[in-house]
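One chain comes next, on its own, written out as structure tokens in the form predicted alone.
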Amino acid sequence: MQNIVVYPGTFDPMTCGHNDLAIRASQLFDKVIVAVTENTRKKSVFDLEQRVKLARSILSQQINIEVLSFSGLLVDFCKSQKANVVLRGLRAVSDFEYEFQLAGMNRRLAPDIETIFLTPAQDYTFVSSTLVREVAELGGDISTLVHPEVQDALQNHFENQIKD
């Protein structure tokens, strides 16, 4: 039996912290599925298709990482992919309470799917997609926080917003 982990998120945008967790997970599991979801509660900078495309490009060198989109319950997606583990990232103690609640609900819905937590490399513990978007929108340097393709995409997005 393969150990397949699903790493879910909106990845709007995918940061170096996300990349770090996906790559480290690829060393622990037979297969990693980066599961990009639409979050209707958040206003996304990039649409779902563009977020998937960026993630696939960034992670293309990793042979056991696949990037897919999904909607609906995470546990249903995990079952459809025959995944037995969910990966969640923890940057700070403030993330723990919310992630703990999610893990508990997922366990209630699907007791056979485990949730594990990884912390990003110390250089990325403060990095969030929200902060990256805000810094990029204000013209700040995000070159050490995201892949160059993401940096270009964000710059193009915000330049086009100014023109409109």
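Heads up: residue numbers just count along the shown sequence, starting at 1. Given the structure is predicted, the values throughout are model-derived calculations rather than measurements.
In what follows, reference is made to the form predicted together with a small molecule, a form of this protein that is not presented.
S.K.: Heavy atom within 4.5 Å of the small molecule in the model of the complex: which of 50, 119, 37, 115?
M.R.: That would be 37.
S.K.: Please name which of the stretches 99-107, 23-31, 134-142, 56-64 has residues with heavy atoms lying within 4.5 Å of the small molecule in the model of the complex.
M.R.: Only one stretch qualifies here: 99-107.
S.K.: Heavy atoms within 4.5 Å of the small molecule in the model of the complex: does residue 151 have any?
M.R.: No, residue 151 sits far enough from the small molecule in the model of the complex that none of its heavy atoms falls within 4.5 Å.
S.K.: Spell out, yes or no, whether the shortest heavy atom distance between residue 90 and the small molecule in the model of the complex is within 4.5 Å.
M.R.: Although the small molecule is absent here, residue 90 would stay clear of it in the model of the complex, with no heavy atoms inside 4.5 Å.
S.K.: How about residue 124: is it within 4.5 Å of the small molecule in the model of the complex, going by heavy atoms?
M.R.: So residue 124 does not count as contacting the small molecule.
S.K.: Decide whether residue 85 counts as a contact residue for the small molecule in the model of the complex under a heavy atom distance cut-off of 4.5 Å.
M.R.: Residue 85: no contact with the small molecule in the model of the complex.
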